[in-house]
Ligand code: C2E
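Below sits a lone chain in structure tokens, taken as the form predicted alone.
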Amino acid sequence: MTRRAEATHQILLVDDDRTIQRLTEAFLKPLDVDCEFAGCSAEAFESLARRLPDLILLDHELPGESGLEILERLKADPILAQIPVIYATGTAKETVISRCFEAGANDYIQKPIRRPELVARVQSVLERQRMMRELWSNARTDSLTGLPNRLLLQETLARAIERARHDSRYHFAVLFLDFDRFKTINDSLGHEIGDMLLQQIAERLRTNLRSEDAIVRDSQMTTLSRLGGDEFVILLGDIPDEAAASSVARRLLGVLNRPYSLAGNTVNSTASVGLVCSDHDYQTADEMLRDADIAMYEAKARGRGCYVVFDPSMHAAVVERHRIENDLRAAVGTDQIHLVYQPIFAIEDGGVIGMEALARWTHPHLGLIPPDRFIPVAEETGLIVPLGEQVLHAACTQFQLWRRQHTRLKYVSVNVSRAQLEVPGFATLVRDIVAQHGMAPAQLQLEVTESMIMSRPDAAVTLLQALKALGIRLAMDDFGTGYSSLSCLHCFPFDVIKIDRSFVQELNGERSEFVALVHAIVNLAYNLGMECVAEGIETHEQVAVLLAVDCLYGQGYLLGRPAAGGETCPDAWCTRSPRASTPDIAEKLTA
């Protein structure tokens, strides 16, 4: 016996007349539908509890509850209300027809039922239902990966939050995944390869999520969604605790960190994951996604390729950063931003040869905000560009005031960020500022870090050479903390190397390896025609060691702390030689 294939559509006919049931089934046979019958309200809802049909044909006159009463019950249920209803009535009274539409019927048909009309109306409703499902699916499905999109995720997450609110035993978690260096892959290999990577990522996640990781799995919901770009979200439902969610995160990281083969290209891309649990008593899906996103960015900040569990302090930090950003936008260009200056000494005789300008921000309500709180925000938002220009003008103005006081000052030094170096025409801007303030180019020194220039060495060389051609002094700041080598120094036109404070702090009689390293840096710099400035000098012993290895210049709290330009003339620092009071150290090191 041949098994009949499953029908395309399921229809529930609610009518107590067996003859009409058989006749209706015969009329609809060409439409490839499977009919189920119910003779009263109780039978109808029993059938609906077993299986949801694609369409309900509902008679007006029934024993017990009427068709209108059944229709009202259907539309009061959020799930059953989605099923279309064709209302069948033997009366042509407008009041009955109006009431059936008011109650939520999609269409009606008048008895006695005629085959062409029944087929046409059923076809029309089913086609409309198919189109609505397709629209619903398209609106909630990511076209590239076939996964649910943000809209469906938010609906699913909202139901999970509601369930947790009413059931204290129910716990769930959200994993927010972002793939490291995805933009680089797109830019280098093309968007087609990038799309292939996203599809493979989706497939790995889909196949490696176990059934016990799921919150609900049916035709309209899943735990896995793509928000857009390279962002994916996994909803882990009915988990016992945070440790279980962390275990899933670790397992998926291992799966995602394996290489991908994309059209002959081998691509390595790690993932950063933010994890947030329902224990934080969320009210909306957006709140939970926000915190998962915050935790994901914290994972990136900690080195990428890892997961981080959300902590409320992370959200507080984001709120503070947002306030800092908004207030900094208003502060740049005003006197809230001001400079302090730290002297650069000739260590041998204590003379001040230069002043390093350092930006400070006095907030009208929060007071003095440290640079490590606002400079990173300025760099991330691009505010560092107008801020840097403001600092250049202020530093040059102060330098000229000091020069008119007949000090021994040779130059003022200003730190420059990567964003400033990437501004088109930066060298021209510097030239114009120097000229505007009547300075010789060599009276301005620009400091850049080695990690900054080594991130794009070719572009850095071009710009630094342009600045050097103008006569601007150039200094490599924090030397030794980046990833360049001593041998690369000859590639860059620096006048000064500033030895990082982390090396200077180790200069004592017991750490000879650091003394040897600083000595090597100094010798190489001199052989390349560069000066050396030691940063962070805090003890006389460090001074003695620096003099012993012929490092002639330095700065640090032992020599002079930063002060506002209007408060102190550089000559005021030249009251004594910073030479160590323990010359035996120098003698021992030079022996």
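Note that the structure is a prediction, hence the values are computed from the model and not measured. Note that residue numbering follows the sequence shown and begins at 1.
What follows is about the form predicted in complex with this ligand, which we do not show.
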Item to check | Listed residue (272, 420, 156, 445) with a non-hydrogen atom within 4.5 angstroms of this ligand in the predicted complex | outcome: 420
Checklist outcome for this item: Assert contact residue (this ligand, in the predicted complex, non-hydrogen atom within 4.5 Å, options 149, 415, 381, 397) equals 415
Checklist entry - Since the chain is shown here on its own, which stretch among 371 to 379, 432 to 440, 234 to 242, 316 to 324 would lie within 4.5 Å of this ligand in the predicted complex, judged by heavy atoms? => result 371 to 379
Checklist entry - Even though this ligand is not shown here, does residue 533 get within 4.5 Å of it in the predicted complex, heavy atoms only? => result no
Next on the checklist: Considering non-hydrogen atoms and a 4.5 Å limit, does this ligand approach residue 356 in the predicted complex?
Outcome noted: yes
Checklist entry - Are any of the heavy atoms in residue 475 no more than 4.5 Å from a heavy atom of this ligand in the predicted complex? => result no
Checklist entry - Going by a heavy atom distance of 4.5 Å, is residue 543 a contact of this ligand in the predicted complex? => result no
Next on the checklist: Between this ligand and 9, 24 and 57, in the predicted complex, does every residue show a non-hydrogen atom at 4.5 Å or closer?
Outcome noted: no
Item to check | Within 538 to 563, the residues that have a heavy atom no more than 4.5 Å from this ligand in the predicted complex | outcome: 538, 556, 557, 562
